[in-house]
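Just one chain follows, in the form predicted alone, and it is written as structure tokens.
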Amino acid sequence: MVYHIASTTAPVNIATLKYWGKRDKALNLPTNSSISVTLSQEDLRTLTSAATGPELKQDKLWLNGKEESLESERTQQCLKGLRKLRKELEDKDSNLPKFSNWGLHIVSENNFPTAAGLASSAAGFAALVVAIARLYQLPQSMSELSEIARQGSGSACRSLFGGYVAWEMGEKEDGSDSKAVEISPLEHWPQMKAAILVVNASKKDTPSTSGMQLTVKTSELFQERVKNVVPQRFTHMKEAIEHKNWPKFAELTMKDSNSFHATCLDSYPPIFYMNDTSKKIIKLCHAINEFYGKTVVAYTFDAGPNAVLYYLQENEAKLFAFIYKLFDKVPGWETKFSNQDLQEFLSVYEKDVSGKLPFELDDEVQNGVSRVILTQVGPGPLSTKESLIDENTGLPK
């Protein structure tokens, strides 16, 4: 028997205006709107294939070569939502095969560590929803599908678009207006790049979901953040993206990262997602900007210790004069730069920086970073002919 199969890749997105806190746990509705940058799938992506056929009696999932349970409430919500949309099509056209009644085999692979604070669930649920939507030939727009992805993982809804994305929190109780929309496409501001310093690739101490619940319940700062701070920032950050205002975008990004982690610290008992290495990287970024007398780099930290450093292409040599000097022993540089390029960064350091620093570079910081991932703003989900499922068996290849 030959199975029906569709495959897609989906990107990671890193929020510059953070989502933290739910107003409805079951529907995954946020307490505030958020904004993110979608990153290039060359560097960070999930590839997912979905198959169906009348022989398949139950749903199964394989992630990175291992069979995983599909029993989680969130995954079930996504599958239920997608089947409902497919059934609506079948009810209108009796010639369509009854995909909605058949089992699904889903095979997924990441090209980066899972649960390492690198938004793996965002890319994972986005890929799952889009692959099945394409298998089911659903006519819904990405914004409409984002409502389903949101129920799997809040930030997954933003991975249904490339470029610069907003997740509008919405107001309706049923969550039908809580969805992702594109602020600007990748082509609008393609100069945006990111250097991710992987500080710790192990699983985090406090999972995001339980961390959010604790913050909502116990942090007084959090109330101020969602009522006053974020709504203003949401408007200003959208404007900064639309006008390509880098200094404003960078300032808002850093302030919002600090604000989010402050609410975690204000939770009771406190939640620590950043560690000493993370804090040293923050100091380093402010020192670099101070040295140049302008904003060259902006840091942001999700619910984990990894640093995502945003910068514009035009400032790459200035930034890497510092970053490569400190982290040259860490793997990851060779994927993007030749030896000649890397030597060029060191020569910029020797020529422009060495001997002129009003502060000491903290050599210790390099011991806390395990690798660097160099990437840039990228597109949303992409269809691919690369399949992880054997069309004759319906099983992973």
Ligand SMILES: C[C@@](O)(CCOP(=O)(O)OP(=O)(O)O)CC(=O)O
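These numbers were taken from a predicted model, which means no experiment stands behind them. When you see a residue number, it is the position in the sequence shown, counting from 1.
Below: the form predicted together with this ligand, not depicted.
- The three marked residues, R23, Y164 and V226, fail to reach this ligand in the predicted bound form, with no heavy atom of any inside 4.5 Å.
- Shown alone, this chain has one stretch from 309-317, 137-145, 226-234, 154-162 that lies within 4.5 Å of this ligand in the predicted bound form by heavy atoms: 154-162.
- With the partner omitted from this view, the residue of R74, K280, K87, K244 that lies near this ligand in the predicted bound form is R74 [heavy atom within 4.5 Å].
- Proximity to this ligand in the predicted bound form, defined as a heavy atom within 4.5 Å, holds among Q191, T218, S208, S100 only for S208.
- Interface residue remark: A303 is counted as part of the site for this ligand in the predicted bound form, having a heavy atom within 4.5 Å.
- In the predicted bound form, this ligand lies farther than 4.5 Å from every heavy atom of Q41.
- For the chain shown alone, S121 is a contact residue for this ligand in the predicted bound form, at least one non-hydrogen atom being within 4.5 angstroms.
- Not displayed here, this ligand is kept clear of I183 by more than 4.5 Å at the level of heavy atoms in the predicted bound form.
- Contacts between 250-286 and this ligand, taken as any heavy atom within 4.5 Å in the predicted bound form, involve only F260.
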